[in-house]
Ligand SMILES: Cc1cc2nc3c(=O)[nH]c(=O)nc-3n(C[C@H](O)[C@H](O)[C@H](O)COP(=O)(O)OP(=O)(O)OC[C@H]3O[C@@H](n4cnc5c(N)ncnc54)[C@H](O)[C@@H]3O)c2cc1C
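First comes one chain, alone, set out as structure tokens in the form predicted alone.
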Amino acid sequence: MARTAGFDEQVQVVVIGSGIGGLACAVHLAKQGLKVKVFEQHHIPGGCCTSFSRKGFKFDAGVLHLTGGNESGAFERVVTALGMQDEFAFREQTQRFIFPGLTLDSSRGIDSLPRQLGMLFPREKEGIEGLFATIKSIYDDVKHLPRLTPLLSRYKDKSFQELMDEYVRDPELKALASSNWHLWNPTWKNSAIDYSALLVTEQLRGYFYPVGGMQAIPDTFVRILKKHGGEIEFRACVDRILVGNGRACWVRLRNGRSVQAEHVVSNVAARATFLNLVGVESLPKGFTASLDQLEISLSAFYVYLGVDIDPRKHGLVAPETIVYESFDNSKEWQRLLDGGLSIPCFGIAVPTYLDPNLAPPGKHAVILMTMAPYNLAGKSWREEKDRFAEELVRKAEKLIPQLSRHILVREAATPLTYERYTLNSLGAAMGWAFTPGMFMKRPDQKTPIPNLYLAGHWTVPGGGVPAVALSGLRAARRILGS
């Protein structure tokens, strides 16, 4: 590629954003000998997969575990393809789901959950078997996408609630069967197909935590990227993707610098990529309207606590605990969806159970999280942030008595915080939503603009670290095959 006059720099591939998808793409291309440069607006890499420190405590900003680790699943396939499978150290963890008067623990194995549910609800055993047989069949058929099997065609517009209604009746059973991802969405807004695939994946692969905290994952990608000649620049915000002769050919940074490239990969939000960076004038007719039809996922609220108490002494033994104060939280979910401050359920993560080095000796890092609306009805997050954080601490205190008396460090992050640091539209926690209407509607890595590609949770296959890593590898292979 001949360098064109007027540009400050010339590379073969520009990657915008250092989320795991963008980094996976950059590493693969660098290892193939391409000149790659990543621009990251933050001072550290990782996007949603970052960590931060306060007074000796290290907290994971958003992602709290990784399905499969480097043992099996999509993430393992990606790092193996990149020759990085030995670069990570993971510790397997468990999840505990707490309901009124009942506790359910995660366990490896595809038959574990239906077996536990069959013991708890013997009268519904036949329905449970039918439900999970269908879930497993959906999981198997998803592997053949984009070809739609008759089973996928039947459920492509249905929610997981509708799928459960076909087989089981007990509302408590339904709450338990959907506990894995009910934290992220109410069951009537979870796609039957997406949830089924994720449920089986998490049962098969298990939950893992990286030694050193989540920041260890992007830091490792950056180290390998540099080892193979790739570059990354921090505090470098791209504010424009320029289209010339009908294709993406250079980017402009906020500081005025311009970089010529043969290919551009965007790891930032899809709407921001197309509407803000590219511009409506360069998009095909009707494309903007198609973006408007896509639903964005909910955001989340986090409270990060550094404490001088060991929660295990009070019975909180799992590294990750999901708490449901009711078997029917539909009213709380609806209030949240309407913009109200509500806690349908919440999570408590104690990563120091798995890596004690994340806190000073004898102390623990505790992370509380719940889903939250970006826009509050009649209120602002500036007004409500501290009060909502205190409410979440009070709820956690039911499991960790006197927690509030043992807090040494406390920070909180609203959906606006999430948006500021990750640039995810509306602070979206999972990119596009996993609702029934979104099935097979996520944009492909290859965009309508030639030489412009997407990576991350705003493209297929969707949200979660393994999925976004896979998206980055696919984007890189598209570029190499172009």
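None of the values given here were measured: they were computed from a predicted structure. Numbering starts at 1 and runs along the sequence shown.
Omitted from view is the form predicted together with the ligand, to which the following refers.
- Message: Suppose contact means a heavy atom within 4.5 Å; in the predicted bound form, does that hold for all of Val14, Leu242 and Ala261 with the ligand?
- Response: The answer is no: none of the three residues contacts the partner (heavy atom, 4.5 Å cut-off).
- Message: Counting any non-hydrogen atom inside 4.5 Å, which residue from Leu173, Val307, Val303, Val268 sits next to the ligand in the predicted bound form?
- Response: Residue within 4.5 Å of the partner: Val268.
- Within a 4.5 Å heavy atom cut-off, is Val251 in contact with the ligand in the predicted bound form? No, no contact at 4.5 Å.
- Does Thr422 reach the ligand in the predicted bound form, with heavy atoms at most 4.5 Å apart? Yes, Thr422 lies within 4.5 Å of the ligand in the predicted bound form.
- Should Cys48 be classed as touching the ligand in the predicted bound form when contacts are defined as heavy atoms within 4.5 Å? The answer is yes: Cys48 has a heavy atom within 4.5 Å of the ligand.
- Query: Is there a heavy atom of Phe39 no more than 4.5 Å from a heavy atom of the ligand in the predicted bound form?
  - Reply: Within the cut-off, so yes.
- Listed range touching the ligand, judged in the predicted bound form by heavy atoms within 4.5 Å, from 51-59, 444-452, 429-437, 29-37: Stretch 429-437 is the one.
- Can you tell me which bits of 441-468 touch the ligand in the predicted bound form, meaning any heavy atom within 4.5 Å? Read in sequence order, the residues that approach the ligand (within 4.5 Å, in the predicted bound form) are Gly456, His457, Gly463, Gly464, Val465, Pro466, Val468.
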